[in-house]
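Heads up, the chain below is alone and in the form predicted alone; it's given as structure tokens.
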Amino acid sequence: MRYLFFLQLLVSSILLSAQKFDGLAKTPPMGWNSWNKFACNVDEKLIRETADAMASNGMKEAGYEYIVIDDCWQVSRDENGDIVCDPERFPSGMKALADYIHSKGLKFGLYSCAGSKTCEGRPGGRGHEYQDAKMYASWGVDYLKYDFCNTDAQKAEGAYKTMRDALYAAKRPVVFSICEWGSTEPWTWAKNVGHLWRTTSDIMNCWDCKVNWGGMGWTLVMDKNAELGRYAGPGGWNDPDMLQAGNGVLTDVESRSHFTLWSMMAAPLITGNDIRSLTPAIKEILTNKEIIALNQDTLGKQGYRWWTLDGNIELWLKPLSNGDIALCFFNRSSVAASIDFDWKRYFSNLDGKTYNVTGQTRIRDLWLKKELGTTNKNLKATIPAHDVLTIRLGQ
């Protein structure tokens, strides 16, 4: 009996440690990451100024909370194997920086990698998972983005489970962001491992470009993420990578569409631009609370592409927690396109479910922020090239 007792105790201990932190990321995480704009050009001054900006420019009020430093903050390991941050770029150290971010009512995130080295050749986490997790906890880290470069023969699922367990053992709740680019279909195994998982290769700062190593423009990233909605929900999200809105290549119209579709897909809203110097147009895009409300809806349903008209206009649909419905008409073509949407035709029956759409259902335009009447007559509109018409149907 004594051996059975100890066996049960051992099994219970293993099960207790083999889990992620529950209660986190009940809606998609919102924040900022340094990589898309600054790559390796990160330092303490930039991060403090970015935290100041988020706390004062309306982003915090709109729901953004994470300040995440991506690759290149780390330079070596000391004689004990502890990870060392760049003393020239971060002279105050990570604990002081985390304390500063926390003082702004925000949360602090860092990057590491499952391999022996990060994607930029800095020290990775392989073989140091528990040691690193304990260090991150002592610094006050709230979010960890974990990449998958220089992994040799490592298996992704096993590597990420090891880091998950290490974070849990360190006893500081951390949102765990899995970044292996969708190569092992993490949506099929990551729900109990991390809080978000990349579904695609890296997003490029363009509409639909491709690069030879696999990076692609945001519309192509969107297409790869679009069919995975059944795997996502509160506590675990499909991540089609960070936003490129405001980085100077996409037009304001394209940035608006990009932000809207990420919100419709319940994707993490992690901005990747310089938020210290937002233009009025980009500020309006990133802080539109009515669009953000679609992303942060507690039902946690990923919106999906319902139909496409003539290969140009796509209609995306997202059910919401109070019975409302979000619709996004997305014009992917390079010329303006018109719609004449017959409510009776399309909403009599949808995927075997009858939505509560009657002739008196209200229509609200979420970018113009005004009522458009009701569904008692067809919705007619002209949508400019690469733009969206985003509406909310409600009683």
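From a predicted model like this one, the values you see are computed outputs, not experimental measurements. Position 1 is the first residue in the sequence shown; the rest follow in order.
The protein also exists as the form predicted together with a small molecule; that form is not presented, and the subsequent description refers to it.
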>> Counting only non-hydrogen atoms and a 4.5 Å threshold, tell me whether C206, D223 and E314 all contact the small molecule in the predicted complex.
In response: no
> Which among 85-93, 139-147, 276-284, 224-232 is in contact with the small molecule in the predicted complex, heavy atoms within 4.5 angstroms?
Replying inline: 139-147
> Applying a 4.5 Å heavy atom distance criterion, does I291 contact the small molecule in the predicted complex?
Replying inline: no
> Should W181 be classed as touching the small molecule in the predicted complex when contacts are defined as heavy atoms within 4.5 Å?
Replying inline: yes
> Is E44 close to the small molecule in the predicted complex, meaning a heavy atom pair under 4.5 Å apart or at it?
Replying inline: no
> Do Y111 and the small molecule come within 4.5 Å of each other in the predicted complex, heavy atoms counted?
Replying inline: yes
> So which of E120, E157, D99, E185 reaches within 4.5 angstroms of the small molecule in the predicted complex, heavy atom to heavy atom?
Replying inline: E120
> So which of H258, R164, R198, H195 reaches within 4.5 angstroms of the small molecule in the predicted complex, heavy atom to heavy atom?
Replying inline: R198
